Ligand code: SAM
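Given as structure tokens, the chain that follows is alone and in the form predicted on its own.
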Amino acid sequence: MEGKGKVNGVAAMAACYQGFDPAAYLQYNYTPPRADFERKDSIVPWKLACLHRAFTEGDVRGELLVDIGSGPTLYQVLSGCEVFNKVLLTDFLEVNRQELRGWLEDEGGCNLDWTPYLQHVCKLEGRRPSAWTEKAAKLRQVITDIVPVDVHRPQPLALDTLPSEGADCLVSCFCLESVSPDLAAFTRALGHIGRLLRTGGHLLLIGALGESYYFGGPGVRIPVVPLNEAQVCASLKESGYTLIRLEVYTLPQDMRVGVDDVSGVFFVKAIKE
């Protein structure tokens, strides 16, 4: 019966996502105040700074970077595209993959202008903001594909998607806790994605702390596993990762805009044992 319960819980989560609206989600989370590049305490600049630091410390390198559960967003690979020759984007939902393809094909129709993000990361890299066009071109050049993923499967990607040795680095932001029915499923998902990573490869993980739900669209309330720092660390250890660094951001009151009940965000840099 336990196995059936696992399946039912995962199926119920998948059903929640059928109403997911990329345009609404981007509006809720990736515009001011959460994406205010003039504020040092805004959540998006904090995430971009964590990723920039991780990708420029010199130990995260290789040929292939895989983003697990990209959603309709690109910010999480803006620093990594300078380090890796190939970037693979993945998501469970076709509507999100379609949103990403819209940007990749550069034919307009995207639900968010990523220019301020590109400009901000250029500044983090010590480049002039006007270099954003070069960065956009570089990102389009290194993205090899946008493919389906299911982190609840022991093999989350289709066979032969990755080289036999696995990816050199995984990045995953607000995915695993948002698609898992409970902490055990979150931990199993961490183990599943670890099978995509070569031994000694890095995991860069961003996720919500203390969050029990978020809105994936008007009236689309999606349950989340409410995590604390100790649970994140324990799940990583159980799943075969060695923690290098854990950083925590606490949301200012005016960042709590009614689209979720998140209290903080964690950033993890870890290595696969």
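Start at 1 and count along the sequence shown; that's the residue number. Here the structure is a predicted model, which means the values were calculated and not measured.
The protein also exists as the form predicted in complex with the ligand; that form is not presented, and the subsequent description refers to it.
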- Taking the partner as it appears in the predicted complex, which of 227-235, 36-44, 62-70, 243-251 has residues with heavy atoms within 4.5 Å of the ligand? 62-70
- Message: Please tell me whether any heavy atom belonging to residue 152 falls inside 4.5 Å of a heavy atom of the ligand, as the geometry stands in the predicted complex.
- Response: yes
- Item | Partner proximity in the predicted complex: residue 186 to the ligand, non-hydrogen atom cutoff 4.5 Å | no
- Query: Does the ligand come within 4.5 Å of any heavy atom of residue 96 in the predicted complex?
  - Reply: yes
- Does the 4.5 Å heavy atom contact test between residue 175 and the ligand in the predicted complex come out positive? yes
- Message: Looking at 103, 84, 75, 132 here, can you tell me which has any non-hydrogen atom within 4.5 angstroms of the ligand in the predicted complex?
- Response: 75
- Item | Neighbours of the ligand in the predicted complex among 194-232 [non-hydrogen atom within 4.5 angstroms] | 214
